[in-house]
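A single chain, nothing else alongside it, follows as structure tokens in the form predicted alone.
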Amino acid sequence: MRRDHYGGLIVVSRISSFFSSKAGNFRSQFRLLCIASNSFTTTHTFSPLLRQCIDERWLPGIKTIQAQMLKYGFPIQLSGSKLVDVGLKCGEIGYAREVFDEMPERHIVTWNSLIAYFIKHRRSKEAVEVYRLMITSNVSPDEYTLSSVFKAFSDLGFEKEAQRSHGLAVVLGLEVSNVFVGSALVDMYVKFGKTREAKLVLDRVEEKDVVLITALIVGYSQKGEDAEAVKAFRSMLGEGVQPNEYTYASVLISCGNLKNVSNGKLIHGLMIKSGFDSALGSQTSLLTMYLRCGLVDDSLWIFKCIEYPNQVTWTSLISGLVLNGREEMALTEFRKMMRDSVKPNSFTLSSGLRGCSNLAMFEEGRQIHGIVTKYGFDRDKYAGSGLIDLYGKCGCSDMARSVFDGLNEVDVISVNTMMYSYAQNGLGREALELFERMMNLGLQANDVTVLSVLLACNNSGFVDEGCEFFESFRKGKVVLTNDHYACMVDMLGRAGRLDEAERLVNEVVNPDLVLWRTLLSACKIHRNVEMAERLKRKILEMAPGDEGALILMSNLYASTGKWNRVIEMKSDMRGMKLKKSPAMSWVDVDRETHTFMAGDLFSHPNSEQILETLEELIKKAKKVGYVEDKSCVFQDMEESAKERSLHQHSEKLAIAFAVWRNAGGSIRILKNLRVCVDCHSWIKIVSRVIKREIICRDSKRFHHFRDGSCSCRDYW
């Protein structure tokens, strides 16, 4: 075969015909084609072979072509650029980098291709290394280089190097003139949390587009600067830039965070007008916005309009319903999601678990725990925190700790959840030991940490330790809130240190009603009428007709036998049309939640069996020492009537029902108010009579009744 230009063309023609006919096996005949190509005299001769190697993703073939090109002395710059491109397209980055490093001269396109490949495959560190080599090689970056490498800087947190490259972009004139560079800069500063710098860049860009402004809105939304996000959206409309789906999605989240439903509805109208209301991302953001604004019905209407809700949409719905106190509905939707074969993520499962924990639905929560394990999220910190919260709020601190110890990563959220579980269950020493471990791990305490530590001391009677912790927290970095002060006031008040508690309230710049009511509640415990009346006047000055203060005062007067004052208080409450919230208890039996109200003896379908069981339990309790504590009755009535009133308390009815149903295992009661002294004494004795653990979660803490004693050691 002649080695001349025409001979080369003939061979190229034959190779092209071979590939177009797709005859035979490429790899088996590749060598024959390479032998036939000995007459090649131009790089164009190799193009069909290169294309086929790319299609086949066959590195040996590429290397063979490289050897042929080098053999015939083709310029390394030309062949190197092509081979780097081929290597990248075949996914052979090692080979591409090897060729790249051997090239004496590299075109800017080759540099950009290599940087873009690393960023696309989340290898930002290597992308930055190539960029540094490019700068030291005196190759000037262009808009494609900079827009790519800014993303790598933000991924790695290389803020100072990013600022130097920003300066280079200014020198090259690319910051204001190129919208791609501008958008990349805004996105980078947003990810650094520097929204001010991002806004300055945006203001300097000459021609703003939707991507540029949306990047800033997303940044504001993610940083919690929601008012600025809405402001940027308004400016965007004023400049005539049309929002896209991502713009609407981000600004709606900000409206939801601000609970600004009026702006949210206006944006909803713009979405409909622009035709973005049917996009799934926009619908999900609308759903989230309405839920965060408390408009559950509107959010459900949006959800019904979504033909195929995905994982994110289901998660937004379920978490939003839990946020609005619609736990039962949230769990119903969670079951529908599972029936529709939509795989939950850790946030979905965490929301479902939170719904179960709020309702103390232990068995339902255990079933979700099974799903968590099935999908491999049992060591995930989000799902794990949900499980810790569930078991903690169901009175199972040992199970909560088992989950905690199995987590892959321990963070401040999981530690706080575990500490709060210990605190609620009266395990103060365990909570404080965990706090010490948290400090040794170098985790930064936050406001929830402080509250958990103070609550642990409060519920366990560690008053002096609680005061020491409080003083150290006051000198620390965490800003103390009214909730922290309320916990301290409750701790001091229950210990009888009322004057100290009052001084602490007066130290708060703007003490709220909760603080004063907490102190008033302590006065009721210790029957300090004089201080209580002074506090009542202060509370009623702040909030005339405050229901909580009036009920506390009425109960205090009743417990001290001042029945005339009780009548006056109740008369005032009737005049203000105030009504005391009824005491209620819930018990979960066979995955069904049953509700009981104090004094309501006949509304339950099994009321006859419940009353028979209750009467039998009271008789057995009296045989081993139970005597009704009539000081818990805040009405002036006959002694026998007081006894009947005590027998009709909601937790007694709930326990009688659980005993009649003979539900196995522990009896778990959820109560909306604090358990009274009489019920506390009765339940202790009943736990010994029936030889079963009774767990009562009241409005403040857990009580674990077992063998005639309570975990609170009668301190509550």
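Numbers follow the displayed sequence, beginning with 1. Model, not experiment: these values are computed from the prediction. Under this definition, the rigid core comprises the largest set of C-alpha atoms superposing within 1.5 Å between the forms.
Just so you know, the form predicted in complex with the DNA exists too; it's not on screen, but the next bit is about it.
By the criterion of a heavy atom within 4.5 Å, K381 is counted among the residues contacting the DNA in the predicted complex. By the criterion of a heavy atom within 4.5 Å, D572 is excluded from the residues contacting the DNA in the predicted complex. Proximity of L492 to the DNA in the predicted complex falls outside the 4.5 Å heavy atom cutoff. Contact check for I551: every heavy atom lies farther than 4.5 Å from the DNA in the predicted complex.
None of 584 to 592, 524 to 532, 211 to 219, 332 to 340 except one has non-hydrogen atoms within 4.5 angstroms of the DNA in the predicted complex; the exception is 211 to 219. Of the listed positions (D155, E628, D85, D447), a single one reaches within 4.5 angstroms of the DNA by any non-hydrogen atom in the predicted complex, namely D85. Between the DNA and the residues I253, V505, V633, I618, the one pair within 4.5 Å by heavy atoms in the predicted complex involves I253. Residues L280, G281, S282, T284, S285, T288, R292 of 278 to 298 are found to place at least one heavy atom within 4.5 Å of the DNA in the predicted complex. Core-superposed comparison between the shown form and the other one: CA of I371 displaced by less than 2 Å. Remark: with the core as the superposition reference, the CA shift of K208 between the shown form and the other one stays below 2 Å. The Cα position of M103 differs by 2 Å or more between the shown form and the other one after fitting on the rigid core.
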